[in-house]
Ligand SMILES: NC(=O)c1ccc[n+]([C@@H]2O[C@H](COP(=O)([O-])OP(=O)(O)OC[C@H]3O[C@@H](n4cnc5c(N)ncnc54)[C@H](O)[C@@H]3O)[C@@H](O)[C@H]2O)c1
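First, one chain by itself: the form predicted on its own, in structure tokens.
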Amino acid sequence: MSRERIGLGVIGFGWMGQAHTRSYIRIPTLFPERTFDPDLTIISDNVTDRIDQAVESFGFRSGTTDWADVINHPEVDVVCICAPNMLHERVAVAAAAAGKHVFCEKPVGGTPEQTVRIEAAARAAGVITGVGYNYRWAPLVQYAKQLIDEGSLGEITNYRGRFFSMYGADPMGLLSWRFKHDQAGYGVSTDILSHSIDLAHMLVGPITKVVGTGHTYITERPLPKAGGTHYDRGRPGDPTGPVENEDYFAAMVEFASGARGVFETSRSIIGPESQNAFEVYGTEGSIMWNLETMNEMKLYLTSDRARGYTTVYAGDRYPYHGHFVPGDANAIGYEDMKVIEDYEFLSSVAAGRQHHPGFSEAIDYVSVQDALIRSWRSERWETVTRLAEV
């Protein structure tokens, strides 16, 4: 079978850059029906040890400390951006101008305004775009969408979304780029709330009106060492610096469909380790899903005479699951979702079609984020207006 070669340039080789690279490596072993072959062409990072690791252990053909070398490489077809948020605009705009297709980690820009400019540049260049809303691709999330779309839950009336994570709960966690406005943009509203609202957009539809509030609980953190991340710890007595964005955000929303919803997200809460969860309630049933138990879903249908929640286990009868393990209740994991995400994006590139979720879906989220930030400041309900470059 003849397959298209897709040259890949990855910018940023921290955790997420490595996760995407492992996905590219795994795609040929998991998707024999693919129409393309990924080619690890060039990697860029500002830490030379990571570049060496990318070439020696992952198989990139070359590496560089200058991200412009990735964009200008003649054999690169796709640029995958995994750098800190506030670098995304320069990189993504340059990549689009060079005619490269762009996959960017969510929510594309560190601020809504940056995301708007990035989307406009990519659209003007006519390149294919993708955004890292990987939780869409969990097999049971895909099944939840199928149930909602076919009407099994009836009319959707209520939605609850939350993303509680402990990655910022330790006061000794380093003051990495995620906690600084000039590198990350906003805090959890840019980071993990974007996942919660993207899932709601996918499952229930657009949000039209919001009221929100944010807060920072841990206001000082130890200064980072070279190459340190938010998972690394300092020690008491280490020099500290101020946290510049929010630890917590909460919102009430109205959907275009008339459904009502609530969202809550925190990076400094104690207990939930990575609780990206949603609950969808309709007139004929409801669904509950949680990333911490991603291979299980609670399903309630009024047509079931038992009148209680049933636990649905993931298995090869649901989308993508059988590419990883056969049968039922044989679990898959986080990086398997990344493989699905990258497979779908590269399939779109090979077919020459715009991918979903792409930068348009990124605009869907930051339009909500913009209204939430306005509401945080005004302390009143705000209308969601779709953002676009003027």
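Residue numbers here begin at 1 and follow the sequence given. Predicted, not measured: the structure shown is a model, and the values here were computed from it.
Just so it is clear, the following notes concern the form predicted together with the named molecule, a form of the same protein that is not shown.
- The putative spot formed by Phe31, Gly130 and Asn295 is not touched by the named molecule in the predicted complex; no residue has a non-hydrogen atom within 4.5 angstroms of it.
- Of the candidate stretches 137 to 145, 236 to 244, 80 to 88, 211 to 219, only 80 to 88 has residues with heavy atoms within 4.5 Å of the named molecule in the predicted complex.
- In the predicted complex, the named molecule lies farther than 4.5 Å from every heavy atom of Ala331.
- In the predicted complex, at least one heavy atom of Trp67 sits within 4.5 Å of a heavy atom of the named molecule.
- Put simply, His195 is close to the named molecule in the predicted complex: some heavy atom of it is within 4.5 Å.
- In the predicted complex, Tyr318 stays away from the named molecule, with no heavy atom inside 4.5 Å.
- Residue in contact with the named molecule in the predicted complex (any heavy atom within 4.5 Å), chosen from His355, Lys338, His323, Arg26: Lys338.
- Between the options Trp177, Phe255, Tyr281, Phe164, the residue in contact with the named molecule in the predicted complex by a heavy atom within 4.5 angstroms is Trp177.
- Contact annotation for 45 to 83: residues with any non-hydrogen atom within 4.5 angstroms of the named molecule in the predicted complex are Asp45, Asn46, Val47, Arg50, Trp67, Cys82, Ala83, listed in sequence order.
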